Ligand code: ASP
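Only one chain is shown below, in structure tokens, and it's the form predicted on its own.
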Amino acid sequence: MKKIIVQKFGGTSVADTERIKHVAQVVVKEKNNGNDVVVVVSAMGHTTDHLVKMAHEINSQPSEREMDMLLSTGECVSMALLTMAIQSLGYDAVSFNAAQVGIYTENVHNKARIIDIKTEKLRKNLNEGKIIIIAGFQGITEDGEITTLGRGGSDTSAVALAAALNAERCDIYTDVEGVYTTDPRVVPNASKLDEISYEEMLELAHAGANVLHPRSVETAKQHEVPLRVRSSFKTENLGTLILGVEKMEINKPVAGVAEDSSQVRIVVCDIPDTPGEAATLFGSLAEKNVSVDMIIQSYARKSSNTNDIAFTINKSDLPRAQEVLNTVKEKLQAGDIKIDENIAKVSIIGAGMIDRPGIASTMFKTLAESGINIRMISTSEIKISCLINKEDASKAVKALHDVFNLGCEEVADVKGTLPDC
């Protein structure tokens, strides 16, 4: 029985017809290796941004349903063109959108989660020797409504398909050569990692690394799907393999540094210090599909029996969060609501941090010596995140990358070619 390889190509990989022809060559090469191939594609280049722009030129507040109808078309263009390119090379290929396959999601627009994938049609076409091209980023509800999966949705589509098909692995082709210890545009001597664990990659993705979306990594971890992040333009480079931490040899306590400037800090002041107030606040946000990241509750003030709750959310969720807070404020009998967009989250991540003393103190000391003030802190077993002023983000990343010895001797050259070390 042939092995199944799922390949995913992002928007830059299929940005124009010449690149689509190149992708077709990459797909055919994998087919010639003796594998069955399923390909997931994103929309071409900046197609999604262009569609969003047009929508808002027509209606400043377009409905979520119609936005999903509109945005789902971008991937359909890519899949049809890539299928034509593969057929022009003499190979049998067929394209399907999510409805044709049966990629079922929850009944939520813009941020739907996949709940089931039907594989009968896929396996039938693979058994007939066909290469299958599927539109990423989209799904369908049980009652036939088109949905989209949100940012990074094509990554999630690819991993979910790999899990459903019990694929050998899922290769994510993008415009970078793998996962780096930090953004090479900020730190030129950032190292490319040959391997990283699901847990580390998940924390890096949540912390702001834009190589993979967190939901795709969560799915890969849950179903133990090996992931490989590699370049569409340097296909001889094997990139970075993402797999279970138990299969790795951990040499350094810290694997990478990430920075996220897309968050907003919100402080709800003078909330009565009584049971259930936090549940009311965050339950109301959850009902509006607003995800919360860092949370800090201050010590109760005895004089007023109140405290403050500070938390961070993604900037894109701010309008919905403000609607919720304006409603909940009166219910909680809270005071002022303060919003600060001049913040960034910087994080260090590493499976080797577990039971390794001194990592947190080194991070805090390094930021202090760089003159960077910490405004919030959150931790997990393999991550420490600090909220700082946005203007200090690059300085913090460089300092932390250096103190934990994550760089390599080579640096990006004058053409911007990244080091492979």
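In this text, residue numbers run from 1 along the sequence as written. Just so it is clear, the model here is predicted, and its values are computed rather than measured. Superpose the two forms; the largest set of C-alphas matching within 1.5 Å is the rigid core.
One more form of this protein, predicted together with this ligand, exists but is not displayed; see below.
K.L.:
Please pick out the stretch from 35-43, 55-63, 389-397, 373-381 that is in contact with this ligand in the predicted bound form, where contact means heavy atoms within 4.5 Å.
P.N.:
Within 4.5 Å of the partner lies stretch 35-43.
K.L.:
E203 near this ligand in the predicted bound form, any heavy atom under 4.5 Å?
P.N.:
The answer is no: E203 has no heavy atom within 4.5 Å of this ligand.
K.L.:
Does the 4.5 Å heavy atom contact test between E75 and this ligand in the predicted bound form come out positive?
P.N.:
Taking the distances in the predicted bound form, the answer for E75 is yes, it comes within 4.5 Å of this ligand.
K.L.:
Residue-level question: is G152 within 4.5 Å of this ligand in the predicted bound form, judged on heavy atoms?
P.N.:
Yes, G152 lies within 4.5 Å of this ligand in the predicted bound form.
K.L.:
Does A360 shift between this form and the one not shown by 2 angstroms or more at the C-alpha, the core having been superposed?
P.N.:
No, its C-alpha moves less than 2 Å.
K.L.:
Does the distance between the two CA positions of D49 reach 2 Å or more between this form and the one not shown, the core being superposed?
P.N.:
Yes, D49 moves 2 Å or more.
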